Ligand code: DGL
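Listed next as structure tokens is one chain, alone, in the form predicted on its own.
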Amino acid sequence: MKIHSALSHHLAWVLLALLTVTAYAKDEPAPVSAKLANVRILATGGTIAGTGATSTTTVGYTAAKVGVEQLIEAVPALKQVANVTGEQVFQIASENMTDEYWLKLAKRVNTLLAQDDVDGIVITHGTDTLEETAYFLNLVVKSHKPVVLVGAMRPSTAMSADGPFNIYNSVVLAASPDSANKGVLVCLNDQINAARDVTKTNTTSLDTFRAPELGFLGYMQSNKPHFYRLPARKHTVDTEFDVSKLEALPKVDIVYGYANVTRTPVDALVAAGAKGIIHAGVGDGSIHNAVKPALIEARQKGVIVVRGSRVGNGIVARNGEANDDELDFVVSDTLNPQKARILLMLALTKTNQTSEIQRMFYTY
């Protein structure tokens, strides 16, 4: 009887303890675990925060509707892999990204990464310009701590929304010490990409983000990152760019090459005050005879001209399809036009010398 009484008394205390823990879990925020990394999620909008009219709406939805707290609450498993906090930096569809948003985001990222209580950052972002934001941050973040950009191809209301698991993987990636010193990363669809090399390759497919020739950095599997290659170009703390005191970026625009093109876009951009022009030429950056005089005149007026390619892969050869030395042009190396624009904007905050700018294109 005494043994039975003691056992009943013990079980009663166990039951009381369980009830207390359950009540605490419902009414109080989860305690911070000293064993887990501290990851801050910075939300900027996009499809990952989008909503559709029905659970089968995967096009024609409204982006940037769901707040960061709802995004976090939709993935309860985050509590098991990191101490996660959220912050809504801005809320836009990413086709509306501007230089001003980039500067705001970069400054906030650098402020947070300088804090001892932040071990990594995840940025939720629309996929349309995700690769551009990632490359911009890759050039201006001043920390070795992980920074991961994540998005989704389906809105949060879709029956098979990809956002929640993409967020989960990205938090795991940002919390991992293995992710440090690798530049800004992009993580969707269980794949890890380098900010410099990745691009959106399909309008609607979940498997859209790829580095077509250079390949993924690695994969997410079994709750951990698996890396197979490293970025070769300088990034983050090893760049010469500092946006801490910048309020605006130099105006740089892109001109597209195609059959029967005219010089009108170049002339219009120069008249509008462009400081730099990226020419997305055909093939190896070839320039139409109708456009070449306009680019030469633009350079004579002080506009920096970068000869890129619309192809999407390969090196644009210096002095290949144009005499770049004689024309005082710069070539984009392997950067696509939209990323070449970003590097040229930042380069122009440092110098107007084409030789120095060319060095930067071969460095970053």
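Just count from 1 along the sequence shown to find any residue number. As the structure is a prediction and not an experimental result, all values here were calculated from the model.
Keep in mind that the form predicted in complex with ligand DGL is missing from the display, and what follows is about it.
- In the predicted complex, no heavy atom of N166 sits within 4.5 Å of ligand DGL.
- Interface residue remark: G126 is counted as part of the site for ligand DGL in the predicted complex, having a heavy atom within 4.5 Å.
- In the predicted complex, ligand DGL sits within 4.5 Å of a heavy atom of A93.
- Contact check for A194: every heavy atom lies farther than 4.5 Å from ligand DGL in the predicted complex.
- The candidate site formed by V148, V198 and K339 is entirely out of contact with ligand DGL in the predicted complex, as no residue has a non-hydrogen atom within 4.5 angstroms of it.
- For the residues A322, A63, I304, V39, the 4.5 Å heavy atom test against ligand DGL in the predicted complex is passed only by A63.
- A heavy atom within 4.5 Å of ligand DGL in the predicted complex is found for exactly one of V141, V171, V266, M153: M153.
- None of 330 to 338, 294 to 302, 40 to 48, 307 to 315 except one has non-hydrogen atoms within 4.5 angstroms of ligand DGL in the predicted complex; the exception is 40 to 48.
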